[in-house]
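Form predicted alone, single chain, as structure tokens, below.
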Amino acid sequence: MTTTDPAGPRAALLDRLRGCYLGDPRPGTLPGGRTEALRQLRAYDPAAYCRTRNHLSGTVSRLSPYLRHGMLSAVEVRDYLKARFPNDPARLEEFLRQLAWRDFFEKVLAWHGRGLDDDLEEPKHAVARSARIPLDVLAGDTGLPCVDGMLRELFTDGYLHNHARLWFAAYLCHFRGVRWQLGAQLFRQHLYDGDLASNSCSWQWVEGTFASKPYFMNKQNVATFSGGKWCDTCTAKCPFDADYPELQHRLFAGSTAPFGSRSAEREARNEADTPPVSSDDIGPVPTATDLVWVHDAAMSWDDAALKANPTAAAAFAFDEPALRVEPWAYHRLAFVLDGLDDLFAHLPNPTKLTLVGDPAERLTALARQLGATTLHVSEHPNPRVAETAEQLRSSFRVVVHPRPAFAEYPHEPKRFSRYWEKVAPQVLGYRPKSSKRMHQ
């Protein structure tokens, strides 16, 4: 699909992406693109963030979907807010500390690569886990108003407050005995900001495979930080209604956690019903010696690879093999499509294309059709980016453009507290009085 072909480009693209998304096309709840990201950033004031961030009604930024897809960078969010509030460090400190979690998680991903799919540490308990999600969870019909409410928001809105994410992860892992990897996949499929680094690290933190102990909550915690949203009218038998010592004994004393009685999730689609995608759908393109690969974490016209190559051909590639294994909810796909429309409208590059297929194969075919000898890409810790770049190096010169560093930390990222102690002066411009803050 090129920008010179205006005849129903999104409909044609959706047809090519059949089998790569869940649900029917419908208007999304969140507009994608850097234009909207900048608008939301400029409208955000973190003055009440420190005091309210753990509450579902807190003044959080909701910028994470734009950060996930590179429509904004953590560096520019930090620098913009520091320039806007230059003499008010108390207003920014906690927000910037939380923003640093994203950088920390990306450093974990860069360090471990595909190893992040496995437990980073031994679990801090001996309770068995199941490799299936019970159907009542997938249907959002567990009978618990809080859990079902969270699932409704996840499936419908593509958003959950971070505290609700921790509650749900604790419920699925500890109270239902499900492996954290399945929950991380569920979040990646449905959350607008679903990604590998933040999701997998957060789920491992809850499970206790990337933390000194597992995280869990009780009813009082949920009621307090949800403002009684579910608890005030709940008549269900609450599995969280106990103090922490009792719950700890109940969950981790060696008994198997309760499972749903039904079988695992049914297949979401039939592979045989999915038509193959043509490899000849690019169409005629003008020659170009350089090609920029725009991956789904680099969707900004301010991206380093794009800024350095304003006359090169630019191509975004939907990773069809990955999406067939782990299809996105349609609202996630729509958010990225919005982002592509916005990105291509702002790029001066004469040729802008959207490809569907294996990225290395499609980019190779396109580069040869263009006569390109050099491919450009922005660095990212997602191993799929590095692996694709390595495949392309067998046929082309590949230039990886570095991203601005949020913070330098050359050590193995094991605990955020150690990381923050070292990088806080880089992020804040001063050393905070206390580098530790416990999550409630």
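From a predicted model like this one, the values you see are computed outputs, not experimental measurements. Residue numbers run from 1 along the displayed sequence.
Another form, the form predicted together with a small molecule, is not on view; read the next lines as being about it.
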Looking at 354, 349, 300, 202, which is the one with a non-hydrogen atom within 4.5 Å of the small molecule in the predicted bound form?
-> 202
Candidate from 63, 30, 38, 400 lying within 4.5 Å of the small molecule in the predicted bound form - any heavy atom = 63
Non-hydrogen atom within 4.5 Å of the small molecule in the predicted bound form for each of 95, 162 and 187 = yes
So in the predicted bound form, does any heavy atom of residue 67 sit within 4.5 Å of the small molecule?
-> yes
Report whether the minimum heavy atom distance between residue 49 and the small molecule in the predicted bound form is within 4.5 Å.
-> yes
Should residue 320 be classed as touching the small molecule in the predicted bound form when contacts are defined as heavy atoms within 4.5 Å?
-> no
Consider residue 105 of the chain shown here, and say whether it contacts the small molecule in the predicted bound form, taking contact as heavy atoms within 4.5 Å.
-> yes
Just one stretch in 154-162, 231-239, 307-315, 288-296 has heavy atoms within 4.5 Å of the small molecule in the predicted bound form, so which one is it?
-> 154-162
